[in-house]
Each structure stands twice: as structure tokens, then as C-alpha cells.
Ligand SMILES: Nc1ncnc2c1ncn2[C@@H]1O[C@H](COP(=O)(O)OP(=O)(O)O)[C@@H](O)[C@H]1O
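First, one chain by itself: the form predicted alone, in C-alpha cells.
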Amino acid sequence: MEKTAKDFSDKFDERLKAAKKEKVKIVIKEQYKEAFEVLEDCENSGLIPGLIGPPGVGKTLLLRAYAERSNRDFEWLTGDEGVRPAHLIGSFNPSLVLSKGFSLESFDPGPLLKSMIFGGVFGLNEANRLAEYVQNSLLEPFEEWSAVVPRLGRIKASDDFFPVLTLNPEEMAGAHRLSEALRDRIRVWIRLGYPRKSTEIEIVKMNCPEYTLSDKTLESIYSLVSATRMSTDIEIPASIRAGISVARLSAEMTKREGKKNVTHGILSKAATYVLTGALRFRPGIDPEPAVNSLVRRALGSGGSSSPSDSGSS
């Protein structure tokens, strides 16, 4: 059935309201609790922090939760080679400039400027993937708490503006060093690693609320993702998201096949589907047989995930 413009507008408003009601799912304990507290201390003392850790450990999620708990908006941008200063501050809409000139009405603000104006948490993800000249465009906002908006003037940031950088480890592909000037503005460094076993399993369970997974199956999934982090053949191992994906896919496969419990075969199949794209192997290693071999070694022949080990609702 063809949808009208009003249908789209109504649904769009509905989805906007749904997004505002959604709460962040996060486990605030151990390293996450400590990082949360350091973020509070940084903001209260006027210091800009950097969160360092591998992909998928919850850096952005932690910032989103921090903004939510302080009842502020969260704006963010992910750095890469294509990001320009205008993506941070904003730019003029050419079609509106023709009718309104270079005025505020024809200006589309970027996420950094929005946070500075309204007072919110600004997360610059993967900051060390930005080109150096883009990094250096952040010096005034991060040092003077101000920014020059082309043709409109210089603005002073709200007192509630709180910028945080997140970075992947420098040894990872695609990561650059921060410019010395920008690094000098980042006064506190918070490292997040992969969480302890009990915490990671709790995170997986929290993200699978509609399924029932036994402790043994969850431990098997943890053993699998943990094994990827120990392998010297893998450049980017399985993240927490990969473990969640294995848990959800294996539970759904169990339900679709009409089985009561997750079997070893289902868990192995789900893990293979997820890890084939989730892992990055070192050059020269064929991913498909490498994943199959890793799954066999980590899950064994079936003893750790037998049919009686877990269930799905």
C-alpha cells in the first residue's frame, strides 16, 4: 500500500517519541562505574577526558548513559578521513542562502556547535582517525570554550558543555596519533578494556531480555569471544556486541527450529555466522576456515553446550 507524506510524518513523530523514551542499557559496575565517576570529576573540575579502548567495549554507550543521567542531550560524531571542520561546527544551506543570505536561518549547525549552544555532552568518537588539521580545529572549543561560526561570529559555550573524546588504541589499523596540540588539551585519560567475565555475561543477558539463556550457554559464548582476544592471528577480536549477537541468533535459531534448548550445533552455527564478519584476521589468513577452526576449539565437541544447557523463550 502506497504511503503518503502525512503517513511518513506521523510515523516519524511516533519514532521520535519512541527514541526519547528509550533508556540506555548499560551495566555500571567495576571499570564502567569507575570511568563514570572519573567523567563526573572531570566535568566538575573543568577537564576534558579521553576514553581509550578497543571497539565495542562501550565507550559511546557510557557517554550516552552519562548524558541521560545528567538529563542532557548527547551529540556525537565519528571521526574518519572524510570529516571536515564544517561537519563539527556546521555549514550554510546553499538553497537557503539564495533567499535568506548568510544568516542564522540558512545555517545548519553541526553536533559540536549544538552541544556548545544548548549545553550537552559531546562525544567525538575515534578522534585519532581525524586528519591533523581537523583535530587542530578543535583547539579553540576545547581550550577557550568558544568557537567561530563563519560569517555569524564567535560564540561562547554553555557552562553545561562537556566534550569527551573516544579513541581506539594507536596500534589499530586506521588510527593516527593525536596532534600534540590536541593531546595537550586532553587532560585525563581513561582506559576501558574488555570487562571481567561476570560483567560481560551480565551485559549479554541485559541485551537479550526476551530470551532465556542458561549460565552454561552464556559461559560458552564468553569462552568463544574471549578466545578471539587471545589469538595472535586476529587483529580485531570479538567485541561485546559480537557476544550479544551470538546469544540472540542462537536463541532465535532454537525457537525457529522448534527446539526447547540451544544445542551445540546451533550455537556453533550462530557463532560462525557472527564471527565471520566480526573478526579481522592478520594478512594472509583465510577468514572462513580460521573462524571454523576457532569455533571448534573454543566450543569443543559439544560438551560445553549440550541440549540441556540453555533455553529460549
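Counting begins at 1, following the sequence as shown. Only a predicted model underlies this, so the values are computations on that prediction, with no experimental measurement involved.
The same protein also exists as the form predicted in complex with this ligand; that form is not shown, yet it is the one meant from here on.
Heavy atoms within 4.5 Å of this ligand in the predicted bound form: does residue 270 have any?
Residue-level check for residue 270: no, no contact with this ligand.
Does residue 183 make contact with this ligand in the predicted bound form, using a 4.5 Å heavy atom cut-off?
Output for residue 183 is no: heavy atoms all beyond 4.5 Å of this ligand.
Answer with yes or no whether residue 61 is in contact with this ligand in the predicted bound form, where contact means some heavy atom within 4.5 Å.
Close contact exists here: in the predicted bound form, residue 61 approaches this ligand to within 4.5 Å, heavy atoms only.
Would you please decide whether residue 21 lies within 4.5 angstroms of this ligand in the predicted bound form, comparing each non-hydrogen atom pair?
Contact check for residue 21: no, nothing within 4.5 Å of this ligand in the predicted bound form.
Consider the chain as shown here, without its partner, and state which of 26, 249, 38, 285 has a heavy atom within 4.5 Å of this ligand in the predicted bound form.
Looking at the other structure, the residue within range turns out to be 26.
Which pick from 206, 98, 104, 230 sits with a heavy atom within 4.5 Å of this ligand in the predicted bound form?
Contact check passes for 206.
Heavy atoms within 4.5 Å of this ligand in the predicted bound form: which stretch among 41-49, 260-268, 273-281, 26-34?
One stretch meets the cut-off, namely 26-34.
For a quick check, can you give me the residues of 208-245 that have a heavy atom within 4.5 Å of this ligand in the predicted bound form?
Result: 240, 241, 244.
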